[in-house]
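Quick setup: one chain, the form predicted alone, written in structure tokens, and binding and motion questions come after.
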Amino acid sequence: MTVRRVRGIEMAYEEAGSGVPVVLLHGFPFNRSLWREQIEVLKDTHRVVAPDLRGHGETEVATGPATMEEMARDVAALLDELRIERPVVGGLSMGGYVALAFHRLFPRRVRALLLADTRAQADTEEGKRAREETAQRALAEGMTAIADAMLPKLLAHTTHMKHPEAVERVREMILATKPEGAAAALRGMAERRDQTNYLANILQPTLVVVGSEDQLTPPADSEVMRREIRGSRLEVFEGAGHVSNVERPAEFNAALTKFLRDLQP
């Protein structure tokens, strides 16, 4: 783990390997360890950077909502520090929101996109209220209450039944998140813009992946992105929920490595 000071906060990240750079952005309320299996596979052929987004893992919490644009600017500043100009940018769930915001802000800096278990649509009014209630609960009760509420929806039924180690790993990431960071991210996600009409502007190669049992951003949301992003490809992992890279790592890694291999040099 390395720490750099960017945009007024201490930002932690992991870096491994060499070659074409790949930046992996974790979901809410996780941290860079979400990408453990992907880093292990990709580091032999790529330079992989996995940061802790603001308020998560070992990266500091800043004041105010942690908007997707602020997180994207943090990532851009970190890439400047690392002298990485044009990486493949990938994100899962909230990380996908940040990846889309990064593309909107810095389209020429994106070599290709990975959008995993995420969506382009903004929150509904009901969704925004739910995020604020969850933010207040995190601050009042801590992250154990958030883990208990989220886990049934995050992971597929098969994962809960047959892979307790995956359930425990996801729980540990949630519990390690600072309540203040979780609240800031929830409020930032509630503010995010609808990116649906922007998708047609994405001209880079794009891989969209989703678990067949994803309750939070179901396959229909991924189909919207596949349809609107010209030339994109969609992979659906059977029996996976919202954290498909942890629930189906072999299938996820196979799809990602093939996508990266097929990119033009």
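Computed from a predicted structure; not experimentally measured. Numbering starts at 1 and follows the sequence shown.
FYI, the form predicted in complex with D-malate (MLT) isn't displayed, but the following is about it.
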Which listed residue (M71, V170, M94, A138) meets the criterion of a heavy atom within 4.5 Å of D-malate (MLT) in the model of the complex? M94
Name the single residue among V236, L216, V61, L199 that comes within 4.5 Å of D-malate (MLT) in the model of the complex, judging by heavy atoms. L216
Which of these stretches, 202-210, 225-233, 28-36, 41-49, has heavy atoms within 4.5 Å of D-malate (MLT) in the model of the complex? 28-36
In the model of the complex, does H103 come within 4.5 Å of D-malate (MLT), counting heavy atoms only? no
4.5 Å heavy atom contact, R131 and D-malate (MLT) in the model of the complex: yes
Residue-level contact is defined here as any heavy atom of the residue lying within 4.5 Å of D-malate (MLT) in the model of the complex; does M189 satisfy this criterion? yes
Might L82 be said to contact D-malate (MLT) in the model of the complex, defining contact as any heavy atom within 4.5 Å? no
Within 4.5 Å of D-malate (MLT) in the model of the complex, which residues of 39-71 have a heavy atom? Give them in sequence order, or say none. none
